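Shown below, as structure tokens, is a lone chain in the form predicted alone; questions about how it binds or moves come after it.
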């Protein structure tokens, strides 16, 4: 299987401290990869580097063989249309209505789409994620769980082939979480690529083809196939000492 994303010796520093160090990883097209590990270990930073939201201090992140950091405007626009990111804190525009927030990616990536078509698309996606309240309000009027639904819906609007999810089921009740998990499974059924961060073993086992352990800013281990789906291998990976030598689990 070919790689859709390749991380080559990727490092990232913030405030003169390395947050991610020498990460090498291949993300297979059409597969689902989970980043797991302790809080503060670098999972979310690695996810944002993979999505091109952070520029590496060293190394390169390649999307279909092209360095994201070196893409021209049109190449970057195409990458942004084909990928989507759901932030842990939802990252909704505080000074815009929900409709304006949801409409923006459609206006950018599908300028030929009429307002009626945009509204229909937004209504369809909101129905799919289970959001039933007004879209005329601002994020401050929503609960954290509702904000998560809006953020996930925003990611779905343009039909991404590559989906990045950072703890996207947090703050949701079981029914809402299962609804979003089902939508991720729809992405999988379309052979789209998913990369997510989660600390929940049941979600990792249910969705992931591969789990990558990230701790202390480094990739410490990897599980795939039967190692991931059965037995205690996943729990061992989650509980592994972050100081343990890097290697494949």
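Only a predicted model underlies this, so the values are computations on that prediction, with no experimental measurement involved. Positions refer to the first chain, counted from 1.
The same protein also exists as the form predicted in complex with a small molecule; that form is not shown, yet it is the one meant from here on.
The partner is absent here; in the model of the complex, the one residue of 59, 52, 41, 221 having a heavy atom within 4.5 Å of the small molecule is 41. Contact with the small molecule in the model of the complex, judged by any heavy atom within 4.5 Å, is made by just one of 97, 75, 171, 88: 88. The closest heavy atom approach of residue 235 to the small molecule in the model of the complex falls outside 4.5 Å.
Residue contact with the small molecule in the model of the complex: residue 193 places no heavy atom within 4.5 Å of it.
Contact annotation for residue 45: at least one heavy atom lies within 4.5 Å of the small molecule in the model of the complex. The closest non-hydrogen atom of residue 19 lies within 4.5 Å of the small molecule in the model of the complex. You can rule out all but one of 205-213, 181-189, 62-70, 33-41: in the model of the complex, only 33-41 has residues with a heavy atom within 4.5 Å of the small molecule.
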